[in-house]
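Listed next as structure tokens is one chain, alone, in the form predicted on its own.
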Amino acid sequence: MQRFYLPPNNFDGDYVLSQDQDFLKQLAGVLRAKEGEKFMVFNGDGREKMVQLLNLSKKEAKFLIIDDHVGPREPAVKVNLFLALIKADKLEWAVQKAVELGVTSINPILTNRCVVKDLSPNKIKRLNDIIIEATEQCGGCFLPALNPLLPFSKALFVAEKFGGAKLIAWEEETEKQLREIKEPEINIFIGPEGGFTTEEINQAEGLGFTLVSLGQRILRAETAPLAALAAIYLG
């Protein structure tokens, strides 16, 4: 069954209404939806709704909510991913897969070895679109937050405010394995191409962060966040 994300303001009592032209074109032109067809929709609050199409015109789609339940595919552990900026295509891929695995929030960070230095408004929009599409695809019902870009030093304090375990993946750590961490909420920092500098690691340790290993292999910057999430959710 097709799943769609629709903003909260589209939900009105027992009905869901949308005037978004891209969505209407998808329904009419791509899916050739007919009145009476059923779809799953969600608005990012953790619930999903089965709806039945009542009316579809060039201006509006109207659905009746026929079932409403808590999303069944949300992970038990909340993970705030602090991800150093990497090249655009690799960042998009990493964000997409992180959402599929169940990440709670994505927090871009700027570190000393980042080659990419900022996120343009167009890139932020593109990443948000990817988050929505990936959540639709994977069956998620919470929409992961894409938070503003922060310098590494400030991001450390944001993780403190989030609460939960404060972890930083480092290739030189050999003893503490990420899969050993069992906490209901985890903040995990992943570095860029070239990794974190020694100064950054010392700064994080000074603020109470725990260094963790993702295994014996040196992973690419876009692979490391997925290995981290897999270790947390599946390890």
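Source: prediction; values computed, not measured. Don't overthink the numbering: it's just position in the shown sequence, from 1.
Although it is not shown, the form predicted together with a small molecule is what the next lines describe.
None of L17, L226, L219, L24 but one reaches within 4.5 angstroms of the small molecule in the model of the complex through a heavy atom, and that residue is L219. Among heavy atoms of A169, some come within 4.5 Å of the small molecule in the model of the complex. Of the heavy atoms in G194, some are within 4.5 Å of the small molecule in the model of the complex. When the small molecule is considered in the model of the complex, S213 lines it closely, a heavy atom lying within 4.5 Å. Only one of 26 to 34, 65 to 73, 184 to 192, 51 to 59 places residue heavy atoms within 4.5 angstroms of the small molecule in the model of the complex, namely 184 to 192.
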